[in-house]
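There is one chain below, alone, in structure tokens, taken in the form predicted alone.
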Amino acid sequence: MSIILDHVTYTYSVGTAYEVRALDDVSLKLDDGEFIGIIGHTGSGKSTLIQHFNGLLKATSGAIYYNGQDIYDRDFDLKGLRTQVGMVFQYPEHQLFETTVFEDVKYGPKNQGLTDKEATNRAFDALSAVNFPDEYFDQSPFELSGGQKRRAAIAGVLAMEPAVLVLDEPTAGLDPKGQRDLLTLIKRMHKETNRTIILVSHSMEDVAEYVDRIIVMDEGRVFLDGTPEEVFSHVKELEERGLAVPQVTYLMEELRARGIPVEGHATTLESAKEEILRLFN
């Protein structure tokens, strides 16, 4: 289901001394099945932006449409929207609260009105989708490792079968292996289900490796919007806004500066390898 933002502005603490405009005239269309990365420096508006996708925050001005319907209409089902646009916040393990992992994952489907049997099936499927070990289903979520808690929290959102999955820094606090395992899992889920996935990340390598489209936020506005290759070709402009490009992109820039005629703007090791092999073959 597409999400359209039409000239959306959001201001915190309107009319007070602490008034801050966090989003400034943002217009975007997020289409079905896309894997989108959202990046930007601290305070650029990333987290504020994604909280508008399912109505957690209401725009100060502008409109938001989900599947062609204005989410601010009086008769619009906001509760239903929040089951369709699932949000996994940074450190999602803080969302865990039930006595066992399985009960925690069942909570969302039961809250949707499903029977216990239906919720059980949803929970089992969701935990299987995130490769959660069967032997930990009945364990307290508070006794799990950081990576396991993260998977359990994501399963809890998946169990509600959202059309759109929004992940705010899902790898924060994980070790390098845990980060790669989780992102590989998310990429696989996207490929298998064609679910729209929106990934907020501070890691340029992560977004370059996994997403198909990058939106760069700067001072509450959309600064760049395009493929990883298009976005990371703007090296100087990104650096001026406190952002970097993937290390391999810097490497290719250095090769060009030294007279080696590599083409394009490689953003991953694989694409850089292919370009270098092409050049020397």
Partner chain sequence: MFREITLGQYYPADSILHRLDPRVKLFGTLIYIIVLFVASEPISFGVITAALICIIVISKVPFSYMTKGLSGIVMLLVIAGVFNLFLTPGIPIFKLGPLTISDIGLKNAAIMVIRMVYLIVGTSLMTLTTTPNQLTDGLERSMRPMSKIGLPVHEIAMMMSIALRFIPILVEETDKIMKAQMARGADFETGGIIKRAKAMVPILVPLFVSAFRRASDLAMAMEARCYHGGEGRTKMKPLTYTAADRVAYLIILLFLAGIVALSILL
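Since the model is a prediction, treat every value here as computed from it, not as a measurement. Positions refer to the first chain, counted from 1.
There is also a form predicted together with its partner chain; it is not shown, and the following applies to it.
Mapping the unseen interface onto this chain, residue 36 falls outside it, with no heavy atom inside 4.5 Å of its partner chain in the model of the complex. Among residues of the shown chain, residue 82 is one whose heavy atoms approach its partner chain to within 4.5 Å in the model of the complex. Although the partner is absent here, residue 168 lies well away from its partner chain in the model of the complex, with no heavy atom inside 4.5 Å. Its partner chain in the model of the complex comes within 4.5 Å of no heavy atom belonging to residue 189. Listed stretches are 190-198, 82-90, 117-125, 131-139; the contact stretch with its partner chain in the model of the complex is 82-90, by a heavy atom cutoff of 4.5 Å. Exactly one listed residue, out of 160, 71, 144, 164, brings a non-hydrogen atom to within 4.5 Å of its partner chain in the model of the complex: 160. Residues are counted as partner-facing when one of their heavy atoms sits within 4.5 Å of its partner chain in the model of the complex; in 31-58 these are 51, 54, 56, 57, in sequence order.
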